[in-house]
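Shown here is one chain on its own, the form predicted alone, set out as C-alpha cells.
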C-alpha cells in the first residue's frame, strides 16, 4: 500500500521523464538524417515524401523536438522531483502536473506536424505557428504555478541555491517565450531579428542553463558525498547570470545591419559571462576536492562533471566568437552548429542523463539495470560529441577563410564544399555514435523500469 502511495507522488515526474526519452530518440533520428544529407543530399528524396523530408523542414523539427521535447521535458520532470525534496513537502497540484505532461506531449506532436506540413515562422527556435505558441505559454504558466506553490508551502525554511536557479528560470521563461514569439507582422527588418536573437540566445541561457546549473548544485553533493563548497559563491553566479545573460542577443548579429554601439553592447556582457561560469566551476571543483577518484566508478557523477566542463568550454567559446574579428570568420559556417551542440547536448543533456540515472532508481525502487550500459552510454556520447564538434569547428574555420578569399560564389564555392566532405563524414560518424549511445541509455532505463514493475507485481501476489 505504501509503495503505491509513493509511486503516485512521482507520477508527474515519471510521465515527463519517460516522454522525454521518446522525444530524445525522435529528435536525434532527425538529426542523424540531417547529418547524412550533408553527405548524400538526395537521401530520403523520393516521390511525394521528398517535400516533407527536405532539409528545410527536418531541421526545425530536429531542434524543436530536442529542445522542447527531450530537454525541456527532462528538466520539468527533474523540477517536479527536486523541488519537493528541497522543500520537504509534496508537489502542489499533482493532477494538474499530470495533465500538463499530456498537454506538453500534444504540443510537441502538433508542432512537429505543423513544421512537416510547412507551417513555420522561420525564426530560430521559434518556428511553431502562433496557436501552438499560445499553448506553450499556457503550459509554462501552469508549470510556474505548480512549482511556486510547492515552494510557497515548503516546510524547509532555507532556500537552497538550486531553488534560486529554478525560480529564476520559471520567471524568465514565460516572458522570453512571449517576446520571442511575437507575431512577425508586428515587427519587421532588423528589430525583428534583434527580438528573435534575444529569445534564441536567452532560451538557452535563462532556461536550459539555469535549470541545468540548479541540478548540478543539487546532484553534486549527493553523488560526490561532499557538501557544497560555497553557497555564497553559487549565489554570486546566480545574480551575475541574471544580470548579464539577457543582453547577449546582439552578438548573434555581429558585422550585420545593426548599429556599432549595439554590437559592442552585445560583446561586453558576453565577456562578463565568464564570471558566473567560473563561479559554477569553482564550486564544482571545490566540492569535488578529495573525491576525484570517485568519478572513475560513478557514471552519473562522470556525466555531471563532464557536463560542467562542457559548460565551461561553451562559455569560453561564446565570448570569443562574439568578438567582431572571430565572428567575421565563423559566422554562417559549420562552426555554429558545433558550438550550439556543446551546451544543449554536451553540457545540459549530460546533466539530464545524470539526473535520470540518479532519480529513476529512486522513483522506481529498483537499482539501475546495467552499469556497463551506463558506461557505454557515456563513452559513445562523449566520443561522438567530440567527433561532431571538432569536425564542424575545423570545417567552419576553413569555410570562413575560404569565403573571405572569395569562395562564396560559383565554381569556387562548389570546390570548397567538395573539400569539406571529409569533415561531413566525420560529423556523420559522430552523429551515429551519439544516436547509438541514446539507444543504450533508453534500453538501460527501460529494463530498470520493467524490473521494477515485475518486483511490484511479485510483492502484490505474495501479499
Partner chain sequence: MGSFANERSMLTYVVGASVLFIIGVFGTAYLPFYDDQMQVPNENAELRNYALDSAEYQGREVYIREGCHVCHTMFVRPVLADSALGPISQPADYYYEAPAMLGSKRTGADLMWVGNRWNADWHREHLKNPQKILPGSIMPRYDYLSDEDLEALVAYLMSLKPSPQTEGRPVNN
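Numbering follows the first chain given and starts at 1. All values reported here derive from a predicted model rather than from experimental measurement.
Another form, the form predicted together with the partner chain, is not on view; read the next lines as being about it.
Engineer: Heavy atoms within 4.5 Å of the partner chain in the predicted complex: does residue 85 have any?
Structural biologist: Taking the distances in the predicted complex, the answer for residue 85 is no, it never comes within 4.5 Å of the partner chain.
Engineer: Contact with the partner chain in the predicted complex for residue 430, defined as at least one heavy atom pair within 4.5 Å: yes or no?
Structural biologist: Residue 430: no, not in contact with the partner chain in the predicted complex.
Engineer: In the predicted complex, is there a heavy atom of the partner chain that lies within 4.5 Å of any heavy atom of residue 155, even though the partner is absent here?
Structural biologist: Flag for residue 155 set to no.
Engineer: Using 4.5 Å between non-hydrogen atoms, is residue 229 touching the partner chain in the predicted complex?
Structural biologist: Looking in the predicted complex, residue contacts with the partner chain do not include residue 229, since no heavy atom lies within 4.5 Å.
Engineer: Only one of 208-216, 313-321, 186-194, 361-369 gets a heavy atom within 4.5 Å of the partner chain in the predicted complex; which is it?
Structural biologist: Heavy-atom contact with the partner occurs in 186-194.
Engineer: So, 41, 54 and 255: all three within 4.5 Å of the partner chain in the predicted complex by heavy atoms, or not?
Structural biologist: Checked in the predicted complex: all three residues contact the partner chain.
Engineer: Let me know the one among 332, 285, 131, 106 whose heavy atoms come within 4.5 Å of the partner chain in the predicted complex, would you?
Structural biologist: Selected option: 332.
Engineer: Answer with one of 171, 98, 137, 233: the residue that has a non-hydrogen atom within 4.5 Å of the partner chain in the predicted complex.
Structural biologist: Spelling it out, the residue with a heavy atom inside the cut-off is 171.
Engineer: Can you name the residues of 237-262 that have a heavy atom within 4.5 Å of the partner chain in the predicted complex?
Structural biologist: Those in contact are 238, 239, 242, 243, 246, 247, 250, 252, 253, 254, 255, 256, 257, 258, 259, 261, 262.
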